[in-house]
Ligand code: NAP
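Below, in structure tokens: the form predicted alone, a single chain.
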Amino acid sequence: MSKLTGKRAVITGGGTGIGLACASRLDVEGIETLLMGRDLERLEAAAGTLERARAIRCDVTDDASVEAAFKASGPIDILINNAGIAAACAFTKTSMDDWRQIQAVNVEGLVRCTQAVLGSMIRADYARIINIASIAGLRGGAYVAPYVASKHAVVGLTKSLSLEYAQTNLTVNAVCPGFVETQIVEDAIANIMAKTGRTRDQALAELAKENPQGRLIQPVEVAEAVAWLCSPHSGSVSGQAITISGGAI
């Protein structure tokens, strides 16, 4: 039996991609996973593939929705802030509405969910917060300024919270993947094709070359890092931004 058996984890954006991969990996450890997101039908379908999962509708950009979702979830041992969006556009063509939308999900949504669990977590014998950031949170990137800014904010929040609560049993870490084979990357490929006239293979190669290994990261690779950060053996690891990028720095 895993030392994590019986723990309860919330995973925002839990219905697909990295979120679902994390849920699948934690399910193996005996952790009950609560998959949160806006599309309840998709969440319920995802939860149905796991032994210990259930779906809870939650819009991380809405105060009332977050409050209701975490009230329904009960006590939480692990929070995986995975919900996120991305968009590519020249900075001069980026509207304030576009800017605010990305910050609302990637930063403010993370803040809402974190504040919803902190009160109980800092009094617990064991607690973990894992923020799914991006390698974009550690370096710049052309045509993705709002996304880069949001992920830098996530990394900064991670470091600040780890220090603020260092005297408790809560650890706060970020995982920073490169391009992962998810719907967000599929959308990026489609955007490259539409704006440059490149083929899908050419657009894919453009993204894959950011990884020195010349490939996209798989969601399960991110999930393995998350599972390790959930482990009791990672208790001295906090405030870190762990890259999963094939050696990209």
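A residue's number is simply how far along the shown sequence it sits, counting from 1. From a predicted model like this one, the values you see are computed outputs, not experimental measurements.
This protein has a second form, the form predicted in complex with the named molecule, left out of what is shown; the following refers to that one.
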Quiz prompt | Stretch in contact in the model of the complex with the named molecule, which is absent here, among 70-78, 121-129, 166-174, 83-91 (heavy atoms within 4.5 Å) | solution = 83-91
Practice problem: Decide whether Cys58 counts as a contact residue for the named molecule in the model of the complex under a heavy atom distance cut-off of 4.5 Å. | Solution: yes
Practice problem: Decide whether Val185 counts as a contact residue for the named molecule in the model of the complex under a heavy atom distance cut-off of 4.5 Å. | Solution: yes
Quiz item: Any chance Ser24 has a heavy atom within 4.5 Å of the named molecule in the model of the complex?
Solution: no
Exercise. Consider Thr16 of the chain shown here, and say whether it contacts the named molecule in the model of the complex, taking contact as heavy atoms within 4.5 Å.
Key: yes
Self-check item: Answer option from Leu161, Val117, Val155, Val105, heavy atom within 4.5 Å of the named molecule in the model of the complex
Solution: Val105
Exercise. Consider the chain as shown here, without its partner, and state which of Asp63, Asp39, Glu224, Glu206 has a heavy atom within 4.5 Å of the named molecule in the model of the complex.
Key: Asp39
Exercise. Heavy atoms within 4.5 Å of the named molecule in the model of the complex is the criterion; list the residues of 128-144 that meet it.
Key: Ile132, Ala133, Ser134
